[in-house]
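Below: one protein chain in two forms, given as structure tokens, structure 1 then structure 2.
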Structure 1
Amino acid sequence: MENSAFRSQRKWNIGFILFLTLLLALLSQISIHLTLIMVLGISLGFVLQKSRFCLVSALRDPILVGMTQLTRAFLLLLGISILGFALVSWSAAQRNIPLSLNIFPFGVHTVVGGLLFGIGMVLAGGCSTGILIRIGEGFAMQLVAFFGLAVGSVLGERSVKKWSNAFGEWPGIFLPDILGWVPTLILEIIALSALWQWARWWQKKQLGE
């Protein structure tokens, strides 16, 4: 049964691979850089779908059902990314290659935005990335959520100035500037490990495994 279902979409799969190849070949005539970016985007989408990686589950499931496997996998992803980003930005600085990291200003709106985002993603059944993945999987619910996301993002972008004028805003703090690279990395890895231990303990406590 599984096998016949597998055969049923095989032709479509071959057709889609041809379509992707053609699309990337065309794009490569315009820009190699954008072609590489698109290959990375496709890979991210593929892996996110295949591993059912979802940041909503990672943050919600400990509370909702007491499961923390995905939470711990997310902590692993954070750890890999922190070390990788440190290595890349350090070697870029050595070679004078311009590189910008996501050091954003913060204020009351960071907290309000995070709260609204957290509530919203649970209600919508996916964060902005998850929504794109689930649209790819064929879910109609996330298509509606995408429409909301698009409208909400414009409203947000056009009101962030009001928030920062009303409540103030402080320039983003790049931790290595204050603490130095090595202490920052040690501190972050310790924090992630502590959260990892806590997540494991939490699941044991909730589900008794």
Structure 2
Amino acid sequence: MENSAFRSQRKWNIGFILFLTLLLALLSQISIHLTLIMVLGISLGFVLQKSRFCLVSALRDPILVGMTQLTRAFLLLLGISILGFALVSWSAAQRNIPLSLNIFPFGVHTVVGGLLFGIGMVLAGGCSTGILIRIGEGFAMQLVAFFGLAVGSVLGERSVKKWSNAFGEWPGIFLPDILGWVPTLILEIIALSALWQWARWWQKKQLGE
């Protein structure tokens, strides 16, 4: 039975690879740019699916089960992103290339939206990425969560101005404008390192390692 299932899965995998190859070959005749974007998207999806990375697990597991592997992976991801962003910004400044950054304001709507999104992630069993991964794996019930995510996103986008008008908002803070790039980078790396060490200590404490 297992060999039969393995052969069936292998046929599906071969068929899917051939389909993607044909699709990319056809797309390359239309636009190399779109082809590269699709290759990048497929590669990212493959890595995310195999790594089982999910934001809700990174924030939920330390509280529910005491596991912090994904939490530390998330902190590492933030650290790499910060270094990469700083490198790009520094390179742009060296070449006198202007950067247009979106520094969004925050207010009551930010807190309410974060709480609603967090509750929704826990109830759905996954963040946006986790839901898309499970849909790709064939979990049909995650389509319900994806529908709720889409509806909630539209309602949030349409109502954000009403929230800001009713409760007000504060301008976004961009630390490099206040402290400079080097102090900000040092401060952020120290903070992430401290959180990483705390997450490691927390798992040892909860699991008695």
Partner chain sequence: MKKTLQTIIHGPWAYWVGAIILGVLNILVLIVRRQPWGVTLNIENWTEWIGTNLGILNDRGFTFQGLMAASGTYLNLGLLLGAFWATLVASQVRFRPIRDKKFFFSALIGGLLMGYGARIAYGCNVGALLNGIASSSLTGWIFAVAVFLGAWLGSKLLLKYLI
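Note that the structure is a prediction, hence the values are computed from the model and not measured. All residue numbers here refer to structure 1's sequence, counted from 1. Just so we're on the same page, rigid core means the largest C-alpha set that superposes within 1.5 Å between forms.
- As for origin, structure 2 is the form predicted alone and structure 1 is not.
- With the core held fixed between the two structures, residue 192 has its Cα displaced by under 2 Å.
- Put the two forms on the same core and the Cα of residue 119 is off by less than 2 Å between the two structures.
- Core-superposed comparison between the two structures: the C-alpha position of residue 26 differs by no less than 2 Å.
- Summarising the core-aligned comparison between the two structures, the C-alpha atom of residue 93 is found to shift 3.4 Å.
- Core-superposed comparison between the two structures: residue 102 shows a Cα shift of 4.7 Å.
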